[in-house]
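Only one chain is shown below, in structure tokens, and it's the form predicted alone.
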Amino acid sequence: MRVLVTGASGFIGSAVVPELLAAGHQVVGLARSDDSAAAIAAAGAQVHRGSLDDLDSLRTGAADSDGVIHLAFIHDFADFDGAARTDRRAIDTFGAALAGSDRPLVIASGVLGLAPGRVATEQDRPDLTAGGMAAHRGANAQAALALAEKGVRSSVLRLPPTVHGAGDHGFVATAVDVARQRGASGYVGDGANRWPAVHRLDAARLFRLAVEKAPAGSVLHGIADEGVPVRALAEVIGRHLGLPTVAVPPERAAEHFGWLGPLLAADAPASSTLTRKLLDWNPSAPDLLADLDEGHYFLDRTASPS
């Protein structure tokens, strides 16, 4: 297959590209900058210049491909509504280019906020009336699934808040930075709330399986760890940094952790039982706590190269 990948030079995309190439697929990566283009070419993929705002580039890229994996998203928290609208236009454009062909469109979404306080499954649907980021992403995911009625083999791959691995600069890396700044590794309340997680290499394999064979209208969960207690996460961080592990009262979470506070307080376990059975996906990379113990999260990212 000739697969167009948006976000091909990103943290997840840079694992998806070699996964596809190793399976014998031809990969075309969308690149909005020279740096992205160079990274995509170095990985052995073809470069397609454009951006999520350039609908003509998305249309031609999809039309010339046998399928699309859409990973890119503009993470502008100051204008998340605008970012969601850009994402929706991209999905609609891909859908129009692939309509009637039974070619696959796989988009990335998330499980956070899907079923607070209980284990979310692939059968859960987002509350589109709740507002906020989760509702925006959920609405776009539903729009992608609806493309199955127009002859697109569309699927939605929901990811956990923590996709981990070397090079991660997301939530876990931020929690490490906060611990350094505060002189203690914190968790919110009693720390029993749970975070699901997946290694980027396992996520990449699932994206490949999805574009190859996920049935139209599939909802998939890229979940390896169903729910890691946040206190356990804080304890590993504290041990590696030689810092105490402390409880942070919920009312002080935003003050202590900044924007990460409400997320660290969330209880968002999720299951991937149906996905594993459907696509014979069996995560094999290190789980979140084992990955932390490998040490790469604790390298000083602010240090200058020698």
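What you see is a predicted model; the values in this text were computed from it and never measured. Numbering starts at 1 and follows the sequence shown.
As for the form predicted together with a small molecule, it is not shown, yet the points below apply to it.
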item	value
4.5 Å heavy atom contact, Glu255 and the small molecule in the predicted bound form	no
Non-hydrogen atom contact Ala270 with the small molecule in the predicted bound form at 4.5 angstroms	no
Interface membership of Leu71, the small molecule in the predicted bound form, 4.5 Å heavy atom rule	yes
The small molecule contact in the predicted bound form: Leu159, any heavy atom under 4.5 Å	yes
Contact stretch among 233 to 241, 271 to 279, 60 to 68, 44 to 52 - heavy atom within 4.5 Å of the small molecule in the predicted bound form	44 to 52
Heavy atom within 4.5 Å of the small molecule in the predicted bound form - the one residue of Arg85, Arg125, Lys150, His169 that qualifies	His169
